[in-house]
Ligand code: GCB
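Only one chain comes next, encoded as structure tokens, the form predicted alone.
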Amino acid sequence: MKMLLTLAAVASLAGTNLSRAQQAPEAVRSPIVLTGADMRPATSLNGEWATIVDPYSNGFSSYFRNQKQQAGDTRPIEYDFSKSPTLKVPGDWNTQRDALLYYEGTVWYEREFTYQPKEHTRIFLHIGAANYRSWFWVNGKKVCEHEGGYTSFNCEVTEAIHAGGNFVVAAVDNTRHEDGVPTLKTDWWNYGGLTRAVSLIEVPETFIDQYDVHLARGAGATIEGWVHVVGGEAGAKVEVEIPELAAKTASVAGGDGRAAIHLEVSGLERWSPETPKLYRVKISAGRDSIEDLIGFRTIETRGTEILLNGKPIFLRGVCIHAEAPYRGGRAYSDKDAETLLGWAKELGANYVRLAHYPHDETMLRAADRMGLLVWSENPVYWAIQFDNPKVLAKAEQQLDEEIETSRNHAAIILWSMANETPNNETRTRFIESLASHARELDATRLITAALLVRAEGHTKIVDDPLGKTLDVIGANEYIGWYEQTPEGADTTEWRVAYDKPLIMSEFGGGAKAGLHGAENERWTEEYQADIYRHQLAMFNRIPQLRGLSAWILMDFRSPTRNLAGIQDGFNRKGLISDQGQKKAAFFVLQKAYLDRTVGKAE
């Protein structure tokens, strides 16, 4: 069985089995997004779930019923969750079972639970993430389906759940698709499964689904925003209270269910990397209330400056994949987040780029607590189908879910629309549309994207037309690794076509932890460290540079990295190995960050 699964997986990775999921129904978005879902009381469904591996997607005709063979029943039932092996949720299936490491296809999950619904309530099945397409049934009744592997969503189960014993069945298919977001090829592992937490959330019939509470730009202390109420009537009362500031305001919902918020406060301590102050904010509407932890700060640009709370800041940072330290697989826990972000703080970072997709609430909550500014990214990666309206709709859906769930995190200052996309008119229109959509959803943050740069001799040129749309320009470059030698950075000059802040969103090179040799010997820690030394000197010659995010904090799995004895299925550009071993380049960058010898001083 192990060999058969492995061979099927290899065929899938080669692109020979990409059509099998067409047997399953098309996935669409769930209509309810819950801001601050992790702050609501919930019944956890985490733990061991029974699973059936289904590479041909045969189970859509029957598995959701969770049938059992009854005595005297002669009909064949060729599955039984009660006799099936289990997988832990949250968690990817790839690293929990050797035979599934390369598997791409459908896996069925089943979990039984006891529940006692209350009157005049609505119940939602909350899924932190399921990669990539997923379908859910409760007690045999379909409750929702979803597409997108890195955002949370909610399935209403009010009519499906009953008092006493219940069961939930999920089908999750991580097959890659040409019209997916991201598309067929990525430089990270395609972890499948229920990769983030699953729970049941109970709310009143009239409830708060979304809210935006933030500090208005300027020198004052005005809290503004809005609260949206589902199921209420126009004129319904909404209250927002910040007890520590002795501040409270009331508003009424309009016909669209939205109530505007305006609150003058005194004694406000602004959130920053040095003082990551969070306030408990209570939001109430009728019988519903939610308490969130929110920091208040402003972010804007002025010419080539990035202003945090009205003052210039240089972003000293590093990129991070949602890859779990030590155990491997998809990161999901508080411990994962605290380890990764703890390393970033030790590096001297005040900022992290969370690549290349939205990370989960545990990471964002930790960034809020620890004082790390965040670049959050939509998974529009490399060459997706920019001429396909359905793909644009999928990208917008994932952007909606990213912003609507995460808009109250003080740590997030940048919404990134894309990474390393080809320069053509179709691509530019596609991402311009996304940027416009993001500004409609959230006008308080900056819009960016990681662009490719071109070269003329020893000059790097940043003139991608997409730059006209961005507030902050991101640029990826790998002098010393994919081009030239590390010394090439010494004679490289930069020309930026836009009078805007520039972040070097990626730079670096690979090394296997513990491999030592000469500075000119690839894959050694010495070679990687030498790249960083030359890069850091070059950065100080770029007048409008306002940030750095080295690629990358920790080694991570990638099916495209197959140099035996060195990569072994890992991208080795990490400053730290996946087992926590710091490489020489970590200390080179750490010294530059802590001594403030790189970048314009604040």
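Because the structure is a prediction, the values reported are computed rather than measured. Numbers follow the displayed sequence, beginning with 1.
Missing here is the form predicted in complex with the ligand; even so, the following discussion is about that form.
Only one segment in the set 283-291, 478-486, 520-528, 194-202 has any non-hydrogen atom within 4.5 angstroms of the ligand in the predicted bound form, and it is 478-486. When the ligand is considered in the predicted bound form, only one residue from Asn419, Thr405, Asn190, Gln398 comes within 4.5 Å through any heavy atom, namely Asn419. Note on the partner interface in the predicted bound form: the residue among Asp212, Glu241, Glu145, Glu506 having a heavy atom within 4.5 angstroms of the ligand is Glu506. Looking at His359, you'd find every heavy atom of it more than 4.5 angstroms from the ligand in the predicted bound form.
Arg561 belongs to the set of residues with a heavy atom inside 4.5 Å of the ligand in the predicted bound form. In the predicted bound form, the ligand sits beyond 4.5 Å of every heavy atom of Asn66.
Proximity of Trp551 to the ligand in the predicted bound form falls within the 4.5 Å heavy atom cutoff.
Here the marked residues Tyr381, Phe556 and Lys573 all reach the ligand in the predicted bound form, each with a heavy atom within 4.5 angstroms.
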